[in-house]
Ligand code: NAD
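Just one chain follows, in the form predicted on its own, and it is written as structure tokens.
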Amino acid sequence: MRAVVFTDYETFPSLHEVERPVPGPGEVLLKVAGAGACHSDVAIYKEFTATSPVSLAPGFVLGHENSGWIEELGAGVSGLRIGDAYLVYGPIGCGRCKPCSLGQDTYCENAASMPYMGLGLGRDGGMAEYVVVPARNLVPLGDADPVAAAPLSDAALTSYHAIKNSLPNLGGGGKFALVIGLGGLGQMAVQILTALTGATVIATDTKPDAMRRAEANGAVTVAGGEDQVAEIRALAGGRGVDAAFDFVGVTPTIKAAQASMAQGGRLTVVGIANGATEWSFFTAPYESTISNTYWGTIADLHDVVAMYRAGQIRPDVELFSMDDALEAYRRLESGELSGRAVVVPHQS
């Protein structure tokens, strides 16, 4: 079968012929419907090295945003039917610690001893014609389109988890939420905030097309620039926003989010760009908090799929055949994509 493989550090991935995997006990083989291309993939092959704080040894298939149809059941798997469509929960923890027992594999207490972080993250992922997945990591899609669903497993799940933690800040009338960065995760965040809260959603980016798409989903937009924070605070009645979500994570965006916060507000940094900021008693709004999140739980993914099936959220996807999978990554790197790139291995 064909697959997009991370072959070496600081090296663009390659399209290879590899053996079709065989499911082991407790696993299933999925015929891949869609595999999302994510900036995390770019970080793996472009930014990571053997000495990086986070590093994954090369020699595996990329793709941690996956959906597909069950093709084969491994030993001991029951209650699942061949041909049914599923979304895949990508993180894989030890399965024994407390976070894993709660479906929070991203915070596995034994992560340091694990041979991989998840599908497409050290273990062969779904940027291929077939992928092997632990049966426990499957979330049923029913009759919903599995191709367009692929980005839900990261772009929507990560946004949903961050927003869910901030819902107490957005309850009641006259609330304001801020979304910084309108890529795949930011666009999903606008939709999720609109569906789950009555807050006014303020969204900001430097790309006019991204802001137009956010506006179409109910956001009020502010362009990045010198007056960005002043405009955000003005829209929020001068007092600032009740919850802010930074999907970029560089120092300037974190500082802009901080400066936009109201008293008692909550800032969640989601973008993994290693930005830094400062805090002082007299400059931080009273009783405000700064937090960070990473991905989400498998229970969260069930909620995300329910929202998708109800028509409350829908990823904006751009489809690529397996022949054009590397072009999807090239366009992702160059910032040319207007939606989430999804590779469909079994379609032309």
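None of the values given here were measured: they were computed from a predicted structure. One-based numbering along the sequence shown.
Keep in mind the form predicted in complex with the named molecule is missing from the figure; the text below concerns it.
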Each of 206, 253 and 340 within 4.5 Å of the named molecule in the predicted bound form, by any heavy atom, yes or no?
yes
The stretch from 25-33, 288-296, 310-318, 66-74 that lies within 4.5 Å of the named molecule in the predicted bound form, judged by heavy atoms, is 288-296
Does the named molecule come within 4.5 Å of any heavy atom of residue 332 in the predicted bound form?
yes
Would you please decide whether residue 232 lies within 4.5 angstroms of the named molecule in the predicted bound form, comparing each non-hydrogen atom pair?
no
Using heavy atoms and a 4.5 Å limit, would one call residue 271 a contact residue for the named molecule in the predicted bound form?
yes
Check residue 322 for me: does it contact the named molecule in the predicted bound form (non-hydrogen atoms, 4.5 angstroms)?
no
Just to be sure I understand the contacts: of 91, 181, 146, 240, which is the one whose heavy atoms reach within 4.5 angstroms of the named molecule in the predicted bound form?
181
With the partner omitted here, the residue among 133, 257, 185, 199 that in the predicted bound form has a heavy atom within 4.5 Å of the named molecule is 185
Along 33-52, which positions have a non-hydrogen atom within 4.5 Å of the named molecule in the predicted bound form?
38, 39, 40
